[in-house]
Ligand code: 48F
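Just one chain follows, in the form predicted alone, and it is written as structure tokens.
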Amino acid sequence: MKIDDITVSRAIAESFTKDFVDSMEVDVAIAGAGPSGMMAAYYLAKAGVKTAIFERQLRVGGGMPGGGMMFNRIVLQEEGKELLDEIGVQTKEYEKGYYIADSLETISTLCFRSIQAGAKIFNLISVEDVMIREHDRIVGLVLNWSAVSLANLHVDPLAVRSKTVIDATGHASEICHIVVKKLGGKLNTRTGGVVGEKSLWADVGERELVENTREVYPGLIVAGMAANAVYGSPRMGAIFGGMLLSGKKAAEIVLRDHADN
């Protein structure tokens, strides 16, 4: 078959634009395609919730692909292993209660499963602001190409509307910072702001990560490492069970709220 360059270009531009325009109104908009963001998207999409993730980097996965200090392995406890069993990631018991997984297999499988479930993932798109309406409720995200931000160009953004936003931006907890700095909003934390993460203590950090996954502001749920950064809990290093469990809990909060409404 003879390949026509314009047909190739048209196919890419038309199919992407169709998906992007369709995702300008979703049930859930997630900032960050790390493990917690994609796990949340997987469970939401599987339940029929219209979900889109916006990731500023070229690749998905957050810190997971790098494993621990560029050794592409991650550790999980029993509860995290069960989630990997569900999506089809291989694990190996290192010693009782500790399981090893390949970080690249894990994140690629999680990406595949979330997309196959129906979630849309848009990489190279940055979240630069939020949309608000009455009573300062967050009702969407304001987006721009990551290249625009990196080049410091003055280009106006576009917006997407959503019933719920999930901040899964990792250590930076970017959406929560926007709420505090631009809206003067009071988060559901002991200070009303982003408390900031503490130093490494995996045992406490893993446990508190799931506890900290909650609605932190009207219309905004915080998940993954962003949750510990916002609530002032320790970081965990290269153990990732809590990240996966946090994503699942974020999805459960959304599903419960949608059922109530």
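Each residue number is its position in the shown sequence, starting from 1. Since this is a predicted model, take the numbers as computed values, not measurements.
The protein also exists as the form predicted together with the ligand; that form is not presented, and the subsequent description refers to it.
Although the partner is absent here, Leu44 sits far enough away that none of its heavy atoms falls within 4.5 Å of the ligand in the model of the complex. For the chain shown alone, Gly140 is not a contact residue for the ligand in the model of the complex, no non-hydrogen atom being within 4.5 angstroms.
Within this chain, Val28 is remote from the site of the ligand in the model of the complex, having no heavy atom within 4.5 Å. Taking non-hydrogen atoms only, Thr106 never approaches the ligand to within 4.5 angstroms in the model of the complex.
Partner contacts here mean any heavy atom within 4.5 Å of the ligand in the model of the complex, and among 123-131, 149-157, 184-192, 98-106 they occur only in 123-131. Shown here without the ligand, the chain has Gly32, Ala33, Gly34, Pro35, Ser36, Gly37 in 16-48 lying with a heavy atom within 4.5 Å of that partner in the model of the complex.
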